[in-house]
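Heads up, the chain below is alone and in the form predicted alone; it's given as structure tokens.
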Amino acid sequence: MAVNQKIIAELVRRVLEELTEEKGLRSENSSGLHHSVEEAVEHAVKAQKRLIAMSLDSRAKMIAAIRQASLDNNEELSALAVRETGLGRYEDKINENILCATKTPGTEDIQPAALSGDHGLMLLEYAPVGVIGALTPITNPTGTIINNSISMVASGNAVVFNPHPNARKTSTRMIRLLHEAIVDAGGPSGLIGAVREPTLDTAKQIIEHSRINMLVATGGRQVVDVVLRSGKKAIGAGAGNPPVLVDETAQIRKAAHCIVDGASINNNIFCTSEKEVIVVDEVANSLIKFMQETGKAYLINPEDAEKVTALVVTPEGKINPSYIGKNVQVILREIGIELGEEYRLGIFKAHKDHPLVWLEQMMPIMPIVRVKDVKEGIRLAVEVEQGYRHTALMHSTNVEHMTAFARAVQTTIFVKNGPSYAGIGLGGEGHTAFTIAGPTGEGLTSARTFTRQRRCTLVESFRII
């Protein structure tokens, strides 16, 4: 009897310890924001252990809460993102957040697979990796965090974010809201988090931390290269320079509308957006005419196109960051052109060697290059895509042409006869992702991306037939 009392006493002590620890974590970490990387990782490790001890139904409630919190605070967050970063358009940020909140897969993406046969049963399950360190960009500080949080929590992981320092207010506000939603839905405190003041140094600490099991970088080539050299499992979503090719068989009026809409969404800061048009000479004039007739594209004359180029491309041959993500009115005003608010895109005729054909400009200024025929167009489009393997587009009614281009360019996303954003699920089929892992090959990420496969084999008959 005495032994039983000791066992009971020990169990009570452990329960009280865990409750006290949990209460301390909640009070200390009610916002999900931390003073140091070490503190953030410590909370994430403990929260992840609690998460995997909970049911999938509980996890699904957390995901539902993340979705709802994102939608409930959409207007506030979209306005804050544009105000803080100076990038993109408010109305497009609204749609970006809705897309991420509603079309990012949840726990349904990690359903197990089973195979039975003469030699027994095999069960394949998708297990979490543990704690993920995620570096997020200035371009999409809300969408990326919504998308990553849903995917990573749905797959049973905790995540420590390091937002871009120039999107700190927006990103930390987003993290606080989602953290609160998770806790209110019964989830563990600290499951998602970040340092209060993210810097390049805190990013380095996250990359090198021994208790971070996986790294995810969404941004430019430099940040992706850093995580790929970390020695850890890494997923990289890097830069792109998506060409859109238009051949002589395309529905030209439709192509014009799609290109204008795709290239101007969020002022072209999406990596998936059309960056340059390559059009067969036979239909080039018609395409430009129809782009103008949309009422949203302004044709820049050759003299002004040179002025714009000198404005947005530095003497060193790089994009001037002052104009990234700005409205076309802001950019053209600098060279003395005043546009009405209806315009969303500036277009100009360019030679194939023009710098904006080869640079990922991320602003609503679009070069249009003529080519002799579709074969020349495919060759040039593959060259200007530069092996990023990110996104390419084509407008054509010739299946052989579209197949030839898709095979040649080998991009993660290939959009046929639609705007670029259809490739991430906005007006197109399929789930969305704002971490598009071209460099590391995972493609449009989802919950399953952030798992490791575990197989269980039963070597005896289990079938009933």
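Numbering starts at 1 and follows the sequence shown. What you are looking at is a predicted structure, and each value in this text was computed from that prediction instead of being measured.
The same protein also has a form predicted together with a small molecule, omitted here; what follows describes it.
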* Asked: Do heavy atoms from each of Ile138, His390 and Phe434 fall within 4.5 Å of the small molecule in the model of the complex?
  -> yes
* So in the model of the complex, does any heavy atom of Asn267 sit within 4.5 Å of the small molecule? -> no
* Although the small molecule is absent from this view, report whether Gln222 comes within 4.5 Å of it in the model of the complex, heavy atoms only. => yes
* Quick one: is Ala185 in contact with the small molecule in the model of the complex, heavy atoms, 4.5 Å cut-off? -> no
* To do: State yes or no: in the model of the complex, is some non-hydrogen atom of Leu299 no more than 4.5 angstroms from a non-hydrogen atom of the small molecule?
  => no
* Mind telling me which stretch in 186-194, 213-221, 101-109, 374-382 gets its heavy atoms within 4.5 Å of the small molecule in the model of the complex? => 213-221
* Counting non-hydrogen atoms within 4.5 angstroms of the small molecule in the model of the complex, say which of Ala234, Leu345, Ala203, Leu80 makes the cut. => Ala203
* To do: Work out which of Pro165, Gly86, Gly120, Pro355 lies within 4.5 Å of the small molecule in the model of the complex, going by heavy atoms.
  => Pro165
